[in-house]
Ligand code: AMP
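Taking the form predicted on its own, here's one chain by itself in structure tokens.
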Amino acid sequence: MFRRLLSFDEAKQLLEQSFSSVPVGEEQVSISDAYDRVLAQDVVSPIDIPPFSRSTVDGYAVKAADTFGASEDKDINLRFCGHVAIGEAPAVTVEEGSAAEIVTGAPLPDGADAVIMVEYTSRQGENIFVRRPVASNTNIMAKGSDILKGETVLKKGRILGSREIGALAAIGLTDVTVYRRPKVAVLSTGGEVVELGTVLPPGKIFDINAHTLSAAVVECGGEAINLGIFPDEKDMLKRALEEALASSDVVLTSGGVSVGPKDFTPQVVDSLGKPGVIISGVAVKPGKPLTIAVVEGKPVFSLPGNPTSSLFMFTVFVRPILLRLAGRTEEEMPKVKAVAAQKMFPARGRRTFTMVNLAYNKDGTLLVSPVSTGLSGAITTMTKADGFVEISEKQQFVDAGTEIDVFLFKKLKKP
């Protein structure tokens, strides 16, 4: 294939036109399993929270008007009328001139409209002496003051973290409707790749891509299905891909997409269904052999075998699709301005993404330099990098001293 390399912008546009990445479906899950899931529907409270007016302090429930005029020099005497415990319905009513002992969190008894802190009272037998006045609603959390019945508590599209799950529990929900996680089949190809946990024979390498790509799928809110390693044999690869398409929403392969004698993944993918391969090679570095197909409505991303190229093409092309399939919103990568510490050259005629490191010089200027290990087969290029710079295919070079945007893989440490 590779009849004509598409530009980076052409490839992105064609992918968007060829595949509509809407959420793959909905399901109900227990709130104990809801962490990091995405709400598929608004959550409306069936009850008021709190469901009753309650005291926020230890003290006495009173009628506020009964305390007016109280001071350190002139206390007011109220009649003790009972005790209100937490977790129980009040068995007392506060009449004019009376006060009920109450603890923090206990429901406000009928007749009371305020609570005076115990610090501003004293008790002798059945007499409560009040030394400070309180206004109506003082030290009370009113019924429904946090959440009202019928109020939308969480909006559709919200990612459920610990705080959101706490809100679900507060209104008594046991389960919630979320977007289904897109299932992503991950296949590795090549006779040189072996599974982890085996003795590494001469001329072989461990399967890196299956594990980095599976982790990247989970980071996007997907469910990775690692189908293992398949040799460069057309019939076996075709059967594996057919199984992958039948059991998943998206298929990822790595390896077998270049121009070697056994690099026939694009031809096999193209034979699986319509419209087939839509992108076969993109004018980028790294990742030129990237191949993308759509088979009966399901995308198949065939990534390069090189681990750095594979993971970076996932980041640029696959990640936005998976996020939308999972009902998530794609957030822009954080970026900073930095000054090129040396001249940087793009690959001729290709959009070049250069992995870089950042460092502050003695003057406090943030400098950017290419990662020292930039070889095609280097596995650690992305792990060593703080981020990357994007150099246009129309640009001849980035001169030393030029200010340039750096897209960050991780938070930048301040000097």
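Just so you know, these numbers come straight off a predicted model, no measurement behind them. Heads up: residue numbers just count along the shown sequence, starting at 1.
One more form of this protein should be noted, the form predicted together with the named molecule, which is absent from this view; the next part is about it.
Although the partner is absent here, residue 129 sits far enough away that none of its heavy atoms falls within 4.5 Å of the named molecule in the predicted complex. Contact annotation for residue 327: none of its heavy atoms lies within 4.5 Å of the named molecule in the predicted complex. For residue 302, no non-hydrogen atom is located within 4.5 Å of the named molecule in the predicted complex, even though that partner is not displayed.
At the 4.5 Å threshold, heavy atoms of residue 205 reach the named molecule in the predicted complex.
For the named molecule in the predicted complex, the listed stretch (73 to 81, 88 to 96, 171 to 179, 190 to 198) containing residues with heavy atoms inside 4.5 Å is 190 to 198. The partner is absent here; in the predicted complex, the one residue of 287, 255, 266, 222 having a heavy atom within 4.5 Å of the named molecule is 255.
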